[in-house]
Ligand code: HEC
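Read the single chain below, which is given as structure tokens and is the form predicted on its own.
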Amino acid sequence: MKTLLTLLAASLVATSAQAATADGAQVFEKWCAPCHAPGIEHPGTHALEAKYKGVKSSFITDWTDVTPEYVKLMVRTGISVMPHFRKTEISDAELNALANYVIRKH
């Protein structure tokens, strides 16, 4: 039993270390890019192109008028046909890194 607890503790420490070093670009590539990468072949980008008609970029990482809180809200609740993402998919640490990546100012 003591060995099992030691292994569990080591696993939790490793998971915490990974979450603490979450890379927003990697989170974006894994979870967001399939729909939001540049190009109208990506459904999220295509939908934003249709919505904004060139007034605003359809590529979300070009946006400079959103806050980290807005990004987190959209990820956790979804919008229209975009699904919501649970903490078991995108941890809070990964979500923070993602929000900072998306809103970084150019």
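Note that this is a predicted model, so its numbers are computed, not measured. Start at 1 with the first residue shown and count on from there.
Unshown form predicted together with the named molecule; subsequent notes refer to it.
- With respect to the named molecule in the predicted complex, the three residues Phe59, Ala97 and Arg104 uniformly fall beyond 4.5 angstroms at the level of their nearest heavy atom.
- Residue contact with the named molecule in the predicted complex: Leu48 places a heavy atom within 4.5 Å of it.
- Contact annotation: Val55 falls outside 4.5 Å of the named molecule in the predicted complex, judged by heavy atom distances.
- Heavy atoms of Ile40 never reach within 4.5 Å of the named molecule in the predicted complex, leaving it off the interface.
- Under a 4.5 angstroms non-hydrogen atom cutoff, the named molecule in the predicted complex lacks Ala22 among its neighbouring residues.
- Along 42 to 81, these residues reach a heavy atom to within 4.5 Å of the named molecule in the predicted complex: Pro43, Gly44, Ala47, Leu48, Lys51, Tyr52, Ile60, Trp63, Tyr70, Val71, Met74, Val75, Ile79, Ser80, Val81.
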